[in-house]
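Shown here is one chain on its own, the form predicted on its own, set out as structure tokens.
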């Protein structure tokens, strides 16, 4: 009996390595195309070296007329259209590898009949691309409309295999490599509780092999997946237990600044992907119990991989960007991992011991002298300001400038502390303009607890300094509660400090830490916060029956529009033009883009979207301020974007973002007498915005002037009037 012949196009990848033995078990002869040399043919197995994307090579291979062709190749849609005839005409069954990513978001299990992105997406910009999910969906449609009906569509989910391991959108060259090097992996917080379906490649191979030359599979599509599903946080725990994975959680917005495929994030990994595999199980005779569990499968594949780890793709650029975010020195890591003999270690320790006493003694003397000199110098000033100094954030820079300026106008001399951060490693080609502004108008001293002693007053604020972001060290977090100050007589003041959210748990404060924070707050001379909810959280931390804090204005609101106009007019951007619709967006989405375009129709389609990114130089702070001053309409998702729309009397809407904290927006709008209807969601329409009640700027100004007066009075009282 002549054995039937199966061709795998590009069949040496994650799924192909398991499919070949499955097909051999069923008695087929298998040919595999590969671009790489070194694969050895054997009994019933033949490797054909060449690129299946090359039409001439493909025609030559398909001349043998195979019984079935399984196509693992990825083609642009235009190229697929050109070769579909020969692919279908040269075989009895053509199995097309699509992807589960073609599906749109779904509340329940995803079945073969579930809506596809291509059919339901309203993102015109996205639909104009040939991104992978759209590409595969369009090629499915080409098959469906073809005259020949000998095709089968299979849709794997995320598939892990011998050297392929995923966490969100990250691959082995990041997840496994960084774990083995002792580095943290950066991961978006918002993705952690999204559900994913990860299928072992061996199980995918079992399913596909049973669909080969299966008459019931013709003109059908199948989810070749497990039905087992997990959250990404559960997947991360599996990696942690197997390879010691450490994760540093950051916001999705920051993650997208280092990962260059936002569509894969937005239109897949941020969806809950729970798959239904009942159709393929019925067609193949398999049961869910026949499939590998994720915990067992990952452990098996990782053990195999770690026996001889070789990374096919090191993702060097992405790893470099992660090093910046995690503030890890590659050289230190290499040095730490470099093997050292016991003899060399022993000799090194002996030399160190012999010199240690002298070095320590000299260091102590020098340090004491430096600290003494710094303490005396600090005592000559009124105080120091401690806040998050994120030079990648316009609003943060603006509030630092504002508080510094107000204190100078009232005759106080304050230093600003420059807190260390990952952004210090980013060059001036990105942050040059921001650094120039800070150096010119704000200045600063480095954070060093010993060198920061001796000031008469310490101010913390504004911004979300009392929100514990991700896995930031507790010691770093408590700096903003002045845990490092030794002088019990020094004034400790918070000005417009913010938690940004409505509860301690949302702020990242564990119940076991409440007493410690309450004790630190009890040492404060005066406490003010930016939001009403912040005042309640302070009381909760201090177990106070009577409110211990006041609600004051953000520092940016202490200055007038003229203060900022003077800044703009004195800068190099004074003569540049800005658009009539100015959009300052931190978390950019297609819905926001569409809204901007719709609103801009009434303004001659004249709009500009400022979305800070790390792949190009930031615009000057003065240009950012000018966008609010010179535009006619403002759309933003930023707290300080909202502030500057109000200061400049601009019609505006602000996108609500609960992850960033909606309490601060609500307090701001309420205090200004502005309707909260201007705090909108992504489904708002341009017509709804157009019909909003006009803002009564006379009332806003009256409220702002009164609040400005009480806030400035509070600050002067806390410091002691000059």
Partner chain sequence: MYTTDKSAQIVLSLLKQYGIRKIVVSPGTTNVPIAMTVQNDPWFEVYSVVDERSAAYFATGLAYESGEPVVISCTGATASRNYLSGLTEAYYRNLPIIALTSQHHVADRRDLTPQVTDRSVSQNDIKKVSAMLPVVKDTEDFERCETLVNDALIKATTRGGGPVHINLLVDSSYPFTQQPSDFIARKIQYYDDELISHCMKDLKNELKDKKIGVFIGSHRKFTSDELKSIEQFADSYDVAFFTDHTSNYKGKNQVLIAQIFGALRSTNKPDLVIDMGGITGDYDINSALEGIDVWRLSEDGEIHNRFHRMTKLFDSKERRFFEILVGRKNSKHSYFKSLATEADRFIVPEMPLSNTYISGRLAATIPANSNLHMSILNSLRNMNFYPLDKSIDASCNVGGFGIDGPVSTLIGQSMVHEDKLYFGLIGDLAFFYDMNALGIRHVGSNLRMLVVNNNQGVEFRLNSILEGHWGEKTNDLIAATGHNGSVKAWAESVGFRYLSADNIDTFDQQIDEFCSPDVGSFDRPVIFEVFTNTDDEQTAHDLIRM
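Numbering follows the first chain given and starts at 1. None of the values given here were measured: they were computed from a predicted structure.
There is also a form predicted together with the partner chain; it is not shown, and the following applies to it.
Novice: Using a 4.5 Å heavy atom cut-off, which residue among 510, 317, 308, 287 comes into contact with the partner chain in the predicted complex?
Specialist: Of the listed residues, the single hit is 308.
Novice: Of 63, 43, 37, 694, which one comes within 4.5 Å of the partner chain in the predicted complex, counting heavy atoms only?
Specialist: Of the candidates 63, 43, 37, 694, 43 is the one lying within 4.5 Å of the partner chain in the predicted complex.
Novice: For the three residues 100, 115 and 408, which mark the spot I'm curious about, does each lie within 4.5 Å of the partner chain in the predicted complex through at least one heavy atom?
Specialist: Checked in the predicted complex: no contact with the partner chain for any of the three.
Novice: Which is the contacting stretch out of 395 to 403, 131 to 139, 601 to 609, 85 to 93, given heavy atoms within 4.5 Å of the partner chain in the predicted complex?
Specialist: It is the stretch 601 to 609.
Novice: Verify the contact flag for residue 665: yes if a non-hydrogen atom of it lies within 4.5 Å of a non-hydrogen atom of the partner chain in the predicted complex, no if not.
Specialist: Contact check for residue 665: no, nothing within 4.5 Å of the partner chain in the predicted complex.
Novice: May I ask you to state whether residue 20 is within 4.5 Å of the partner chain in the predicted complex, using heavy atom distances?
Specialist: Close contact exists here: in the predicted complex, residue 20 approaches the partner chain to within 4.5 Å, heavy atoms only.
Novice: Would residue 4 count as touching the partner chain in the predicted complex under a 4.5 Å heavy atom rule?
Specialist: Residue 4: no, not in contact with the partner chain in the predicted complex.
Novice: Is it the case that residue 230, even though its partner is missing from this view, gets within 4.5 Å of the partner chain in the predicted complex, heavy atoms only?
Specialist: It does not: once the partner chain is placed as it appears in the predicted complex, residue 230 has no heavy atom within 4.5 Å of it.
Novice: Do any residues of 22 to 36 have a non-hydrogen atom within 4.5 angstroms of the partner chain in the predicted complex? If so, which ones, in sequence order?
Specialist: If the 4.5 Å heavy-atom criterion is applied to the partner chain in the predicted complex, 22 to 36 yields 24, 25, 29.
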